[in-house]
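Given next, in structure tokens, is a single chain: the form predicted on its own.
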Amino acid sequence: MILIINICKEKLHYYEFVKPIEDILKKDGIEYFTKHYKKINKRDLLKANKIIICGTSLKDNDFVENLKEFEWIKNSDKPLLGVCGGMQIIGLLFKGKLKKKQEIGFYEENFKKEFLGLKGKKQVYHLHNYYIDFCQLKDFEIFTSFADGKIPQAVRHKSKQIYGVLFHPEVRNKEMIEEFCRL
């Protein structure tokens, strides 16, 4: 059972950032349940065998002010995928610094090593105002970076099954979400 975490402050943003991920899982017959991050409890975390933290809109940074709601990530042993804002949450919890850089649109990323089924040059969809410089976090491996390696786009914790992508795989790289679900 996969727990999909909604970090959207505005209810309408669910349809752009959460529902597409639900649709991928539904199409593949994967059981899931969705909860807003402020309503997650211990039973939800025990029930899930994998977790996906969805992204949110450009102007929605409410989750940054509520990082205490995500402290459980540090002690979790379950596979976790953070998308955009979800990747920022992961980075902040592991002592990364939030940096400003807006990127909107389709970009080509070069995955030098396989990352959740993605390898080589892939077109991805960026939609963010901030990023975490994972180059400063020794516990993470970087799989692809934008802007001459300065903005990590795909990372994995070196000893835990914690993955993060700054781009939105629900738009262009659905197979990556499916691969995460097969872990």
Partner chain sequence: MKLAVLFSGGKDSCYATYLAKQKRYEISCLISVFSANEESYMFHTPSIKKTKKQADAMGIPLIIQKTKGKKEEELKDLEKAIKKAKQKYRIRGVVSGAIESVYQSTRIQKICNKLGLECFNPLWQKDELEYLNELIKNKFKVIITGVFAYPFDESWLGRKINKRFVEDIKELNKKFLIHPAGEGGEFETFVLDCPLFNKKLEIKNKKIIGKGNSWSMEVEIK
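Computed from a predicted structure; not experimentally measured. Residue numbers count along the first chain shown, from 1.
FYI, the form predicted together with its partner chain isn't displayed, but the following is about it.
J.: Taking heavy atoms and a 4.5 Å cut-off, does Leu127 contact its partner chain in the predicted bound form?
T.: Leu127: contacts its partner chain in the predicted bound form.
J.: Any chance Lys38 has a heavy atom within 4.5 Å of its partner chain in the predicted bound form?
T.: Although its partner chain is absent here, Lys38 would stay clear of it in the predicted bound form, with no heavy atoms inside 4.5 Å.
J.: Do Ser145 and its partner chain come within 4.5 Å of each other in the predicted bound form, heavy atoms counted?
T.: Ser145: no, not in contact with its partner chain in the predicted bound form.
J.: Using a 4.5 angstroms cut-off on non-hydrogen atoms, would Glu175 count as touching its partner chain in the predicted bound form?
T.: So Glu175 does not count as contacting its partner chain.
J.: Suppose contact means a heavy atom within 4.5 Å; in the predicted bound form, does that hold for all of Phe33, Trp72 and Cys181 with its partner chain?
T.: Negative, none of the three is within 4.5 Å.
J.: Quick one: find which of 39-47, 152-160, 137-145, 58-66 has residues within 4.5 Å of its partner chain in the predicted bound form by heavy atom distance.
T.: Going through the listed ranges, the match is 58-66.
J.: Judged by heavy atom distances of 4.5 Å or less, which residues of 94-110 approach its partner chain in the predicted bound form?
T.: In sequence order, Gln102, Ile104, Gly105, Phe106 come within 4.5 Å of the partner.
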